[in-house]
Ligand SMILES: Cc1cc2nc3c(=O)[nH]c(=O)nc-3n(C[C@H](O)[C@H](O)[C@H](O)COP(=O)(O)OP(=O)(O)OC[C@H]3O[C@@H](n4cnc5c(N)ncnc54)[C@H](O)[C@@H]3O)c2cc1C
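Here we start with a single chain on its own, the form predicted on its own, put down as structure tokens.
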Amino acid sequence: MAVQVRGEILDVRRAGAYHVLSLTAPGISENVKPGHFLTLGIGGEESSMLLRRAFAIHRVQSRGVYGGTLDIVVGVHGKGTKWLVDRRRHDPIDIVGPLGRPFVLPKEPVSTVLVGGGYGSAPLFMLAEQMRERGCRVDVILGAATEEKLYGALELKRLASTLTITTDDGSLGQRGRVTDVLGSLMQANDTAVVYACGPMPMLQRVAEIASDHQAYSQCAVEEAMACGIGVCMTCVLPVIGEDGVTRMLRACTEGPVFRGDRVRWSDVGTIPPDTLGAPTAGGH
């Protein structure tokens, strides 16, 4: 389903600590589901930056003057992302997408909580819209280190039944972390499914809290992705299958969305000894 297209930059706008880029992406935006991501070629054709950069898809518009367009949210962390946010209107950009396995939506109207950490909130907008269309209750918790590092609070407030904000420094909302308020919110609204996107320690705790409340969790992991198509194996993590066997799965193809109770969060970054195909102590 993924395609490679030559798109162009339509707009780059600042949003707190982040930048929102609007791109033309004909043939991609029509097939996007919440939780999908894309990869972008960085640095232009003559660049020495060989690895593409992966970004969660924030919003899509399948029709309009420019055909299919989509938005991504970018935090500047190095040369590649700096190059990206310095683009101008109509600059060309090489795009591959939509990639990965998206969130699974409930078949019945149920009570849900969407949890976003920092600009991990980006894929939750489409998700909230589609949940509401299905008659689901949508409570949202957004958290970040500071108010500036929150993304999209005003817009998500319009989409959600309730919005709870936490910041580490107390600059907006409640002082603390998203996981400090998740359990009580789930209990109050009899939450059936929790959707989360953000840093790995946050996802681990969200998955644990969801399991404690007998709820189903879906977590979009933020493992570093290089190729985005399952070739380079930089984004593998240990996940327990339905047969109870642990396998090293690729976040870019088997994910980025995984069932929270299936990921062996404490073992991420390692190959647990009981993993299928794991090297043995003697190297055999």
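Counting begins at 1, following the sequence as shown. Since this is a predicted model, take the numbers as computed values, not measurements.
Just so you know, the form predicted in complex with this ligand exists too; it's not on screen, but the next bit is about it.
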For this session: Let me know the one among P92, P199, P109, G80 whose heavy atoms come within 4.5 Å of this ligand in the model of the complex, would you?
Result: G80
Exercise. What is the one choice in A56, V32, A215, L237 with a heavy atom within 4.5 Å of this ligand in the model of the complex?
Worked result: A56
For this session: Consider Y151 of the chain shown here, and say whether it contacts this ligand in the model of the complex, taking contact as heavy atoms within 4.5 Å.
Result: no
Exercise. Hey, in the model of the complex, does V221 get a heavy atom within 4.5 angstroms of this ligand?
Worked result: yes
Problem set entry | Any non-hydrogen atom of G75 within 4.5 angstroms of this ligand in the model of the complex | yes
For this session: Tell me, yes or no, whether M225 is in contact with this ligand in the model of the complex, where a contact means a heavy atom of each within 4.5 Å.
Result: yes
Exercise. Hey, of 161 to 169, 126 to 134, 80 to 88, 101 to 109, which bit sits against this ligand in the model of the complex at 4.5 Å between non-hydrogen atoms?
Worked result: 80 to 88
